[in-house]
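Read the single chain below, which is given as structure tokens and is the form predicted on its own.
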Amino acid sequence: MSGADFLNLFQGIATMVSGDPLITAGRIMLIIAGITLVFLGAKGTLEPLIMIPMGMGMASVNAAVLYLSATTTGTIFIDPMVSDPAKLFDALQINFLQPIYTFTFSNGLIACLLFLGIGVITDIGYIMMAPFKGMLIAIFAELGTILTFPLAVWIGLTYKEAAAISVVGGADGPMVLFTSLILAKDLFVPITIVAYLYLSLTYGGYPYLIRLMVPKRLRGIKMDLKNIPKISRMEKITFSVITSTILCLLFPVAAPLFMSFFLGVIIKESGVKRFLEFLEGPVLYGATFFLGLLLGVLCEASTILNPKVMNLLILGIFALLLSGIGGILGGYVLYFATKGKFNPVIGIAGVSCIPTTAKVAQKEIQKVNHRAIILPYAMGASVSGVITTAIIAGIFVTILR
């Protein structure tokens, strides 16, 4: 068999050989990165729910590049840039993930489905038991969001692009997806990929930040759980209805996410069994699975090698680092305000990657003091972080759109 016949038979190799050397190198690196993410997810080092489908998608899409015509190459997974109705109709018939991408991802529906599922598994009573403490921590934990915006503008991004990447500091993946879709559609794909990649890394990185900023003796502080008020189901439902309505009134552009989250909370508290089983199972995990898979498939070398992506990578990690620092500083404010009765590690949970950051805080504290339970306070801060991130995203979109 001649070399030409071999390359015609195995087109993935042919496009590697004939392509731009930079793109070829990018494809190889992303294939390796995708395989690595699968193993790290399978081992539990990174969040498996996102990393396993994302890694498989990343490795597969960069391997499966073929000749679409005599002059162009691409894949039959997704065309994220197609918008012309005639071309879109063709893509829907050819690209096997195009219908899921077009009808759930590129319009923000998948973000609303995730918020519905998150609401169903969230106990809103955690924020109601200590609302001022939770919101104070959450405000401090938006430090990365606030400071990344001017930095992003300074290095050359537009105001809209800067706002979209800044929201990564709130550590709320669906909110980043929704905001970037509205404000920076041309960078929507790389911003969303950067956000979810870094959010999965918080589980491995934030423990080191906690150990760096909080001495061992303070990490072991026990919280008083005896005087936690009992919050009734009707109180939670009332809080959810009123809060959602007020937030939708103030920030209509983010209303789909507010409604989705608080609707999930209300269904949980109402005990509607059929809805609960549907939302916390097929909806939440189905949306999470396809989100991870689509993010991986969108990590095609030609997209990721956009010159702006390196700036996004730097800004994304900067935003999450500053937000973690800000959250812990908020924890220290409450530590001093309560004369040493508040564990400052809880501050990291204000970075609202529910429930990851709350679990990180609890895990780090129990390494020092096995009897210390702070999860209720940490979850309160985390839920507060969801609300503050949504408010800031709503402000950005309202002003800049």
Partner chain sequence: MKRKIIFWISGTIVALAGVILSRLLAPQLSGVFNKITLVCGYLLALAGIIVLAYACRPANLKPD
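All values reported here derive from a predicted model rather than from experimental measurement. Numbering follows the first chain given and starts at 1.
There is also a form predicted in complex with the partner chain; it is not shown, and the following applies to it.
Each of Ala130, Glu235 and Ile395 places at least one heavy atom within 4.5 Å of the partner chain in the predicted complex. In the predicted complex, none of the heavy atoms of Pro99 sits within 4.5 Å of a heavy atom of the partner chain. Although the partner is absent from this view, Thr243 contacts the partner chain in the predicted complex, with a non-hydrogen atom inside 4.5 angstroms. At a distance threshold of 4.5 angstroms between non-hydrogen atoms, Met223 is out of contact with the partner chain in the predicted complex. By the criterion of a heavy atom within 4.5 Å, Val283 is excluded from the residues contacting the partner chain in the predicted complex.
Stretch 244-252 is the answer when you ask which of 319-327, 244-252, 301-309, 205-213 has residues with heavy atoms within 4.5 Å of the partner chain in the predicted complex. Scanning Ile182, Leu151, Ile139, Leu187 against the partner chain in the predicted complex with a 4.5 Å heavy atom cut-off leaves one residue, Ile139. Among Ala91, Ile231, Ile267, Leu201, the residue placing a heavy atom within 4.5 Å of the partner chain in the predicted complex is Ile231.
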